[in-house]
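This document opens with one chain alone, in structure tokens, the form predicted on its own.
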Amino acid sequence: MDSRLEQFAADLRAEEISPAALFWLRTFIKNVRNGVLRSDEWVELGLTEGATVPGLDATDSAARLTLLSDYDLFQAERLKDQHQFTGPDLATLDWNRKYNLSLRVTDNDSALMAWVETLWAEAGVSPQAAALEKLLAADHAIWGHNLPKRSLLPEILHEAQAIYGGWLPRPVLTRIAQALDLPLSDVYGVTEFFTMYYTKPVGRKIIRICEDAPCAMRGSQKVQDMVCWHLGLDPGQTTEDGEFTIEPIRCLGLCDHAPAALVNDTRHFDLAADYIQPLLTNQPHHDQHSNKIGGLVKVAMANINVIDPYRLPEYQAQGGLAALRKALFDMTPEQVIEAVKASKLVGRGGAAFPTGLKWQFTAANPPGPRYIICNADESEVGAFKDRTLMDADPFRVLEGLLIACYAVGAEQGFVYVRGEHRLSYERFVHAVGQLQRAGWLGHNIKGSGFTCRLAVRRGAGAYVCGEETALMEAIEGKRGFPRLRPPYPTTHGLWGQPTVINNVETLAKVPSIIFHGGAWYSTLGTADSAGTKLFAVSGSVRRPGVYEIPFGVTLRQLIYDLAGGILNDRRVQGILTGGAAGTFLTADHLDTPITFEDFKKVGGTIGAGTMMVFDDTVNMREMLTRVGEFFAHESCGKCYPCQIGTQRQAEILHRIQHGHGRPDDIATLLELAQVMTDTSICGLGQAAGWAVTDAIKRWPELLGSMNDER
């Protein structure tokens, strides 16, 4: 072997030169004819093939010039005047001109080709690159059946990021774009929109500490400060050894275990500033699967802490799949819809639209593809009741989803799970596999004539994707920008087809409704607020957790009887109902029945069932600032009123919190809230000012007094 080639191989193995240099040599040898290859053809062939090689940036000319100039392997003849160049002179060529390139080594072509292929197999393609190619070539039916390739993008990004140590180098994104026939700009549009995709290196352990109200009340800021001090970092920074990244994060949906954190995908509960070792070692010192639940009548929560969520037979032993069997073999789709209508079940995600009507509107469309989506992107501050269902009883949610698919004639259903809820995602994936192996998914299920498949998708850190049109954009592989409505999803949803979007809790109620009948369910609760509701109670209570109650139970019973009352027997200062996009009630409202109609009378919000309780020691200015910062952080930026309005709101609240209020602040906050409500595209902007305006109404002095750091 020529000594120059041996030196090249030695430098490559010593990582003194880039594998891209070997790629360009390999491309030359593969395409040379009669010992010559024109320079422009070489570059064009290399750029085309290089786009298909993950981990390789063929557009970086440095590796190609190093190959040409440093090893005396090539000579170039300028076509204009036949002037010849060798050695270092090759690096100075004007590559806008054309040259005939040839190799100066004496090895025969076949031996040289064998040598370079051996070296390429050894050093040219990394294990990560091979794993990415396997990922791109795999059958992706688990993510959906016969769908546009673009819709695979979010899942492929998740998997590729895991392959490449937690981030996505540009050559990897280039290869993914090429495989999915997408412009690279579209791929970057997705990675830059969602916060859980990283295009720059991050630590091997990403410590995400919750910053929002329930965790802040329990000391999350002290935990974050201690971790940062111990590692010598500021929030958002990475240690020099690449081991840790500190990433403050909005609500993690672990409010019943506040203060909480995620280290990569592992949950850490009930943290303390004087014991941060579990975060550094990623060994949680509490059971990360525990569920704090209670209630008076358990419908959706009947199986929680009763069955093993990984075992379908245990679910069936508690009556699981009996409702699906009844629907498939004893009821028509129309009868299923009528049963749900008779139950008076309304959406449990916050909008409270009648579920049966939504199904009916979708089923009434002309024949064609239809879709059902389970919205499991629970990202509201203080919300965690859906997480409890997903973690502990995924089969019930999927059974409800399958019944919904049967009712509207959908052959493909989706579950879109919040990216931070990795455990929930894994349990759904496992449950789908169990149902498929047992014959409850696929073609002609149990001989019923009904064909249906389910796919589980992950979010990647975007609260706005809880809004139904933004969620559909995310499933389609795009940025999660809300769509203008009308048209509505029931006629123009996923890929322009009729689509039903239901919340996790909504679907979890469906099996019991179908099995026992709609009339049975409607007798629970009150005449105008039928059934049961899950409430996530957090903050200054003794027993934060999820409680299922029939509508009509009073707020006092929920907070004092079920959630155990206020810590240290303090006084209730306020209760933020409905989450960050909610309104306040006070101690004067504790005897209010929890119903849609009664809450409306007193200005409360049922929403998704979030109750954040604040005692009289809580700095409400700080809590409102955190609410404002949440919306400023989560605004997608599509519409100007929300993008700018949430930023201005957060800035004003921050000033007031630190004693720098101005005389016109209240008027400005009220005007901002009104403009956002009137002109924002989606519910995020429309509701971003509700808590602030309600606080002004409840406590006029709270934001009106300047230089008063309570």
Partner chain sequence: MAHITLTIDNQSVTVPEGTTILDAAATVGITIPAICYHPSLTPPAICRVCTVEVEGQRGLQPACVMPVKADMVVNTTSQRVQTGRRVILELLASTVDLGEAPHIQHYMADVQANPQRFAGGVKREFDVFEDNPFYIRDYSQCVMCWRCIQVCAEDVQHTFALTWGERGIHSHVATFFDEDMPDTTCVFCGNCVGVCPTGALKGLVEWQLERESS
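Owing to the predicted nature of the structure, the values given are computational and were not obtained by experimental measurement. Residue numbers count along the first chain shown, from 1.
Another form exists, predicted together with its partner chain; not displayed. Remarks below refer to it.
Although the partner is absent from this view, Thr174 contacts its partner chain in the predicted bound form, with a non-hydrogen atom inside 4.5 angstroms. Not displayed here, its partner chain is kept clear of Gly166 by more than 4.5 Å at the level of heavy atoms in the predicted bound form.
Taking the partner from the other structure, its partner chain in the predicted bound form has no heavy atom within 4.5 Å of any heavy atom of Glu117.
Taking the partner from elsewhere, Arg170 is found to have a heavy atom lying within 4.5 Å of its partner chain in the predicted bound form. Partner contact region in the predicted bound form: 455 to 463, out of 396 to 404, 207 to 215, 353 to 361, 455 to 463, criterion any non-hydrogen atom within 4.5 Å of its partner chain.
Of the residues given (Ser635, Thr583, Thr245, Ser540), Ser635 alone sits with a heavy atom within 4.5 Å of its partner chain in the predicted bound form.
Thr199 is the sole member of Thr554, Thr199, Gln434, Ser522 with a non-hydrogen atom lying within 4.5 angstroms of its partner chain in the predicted bound form.
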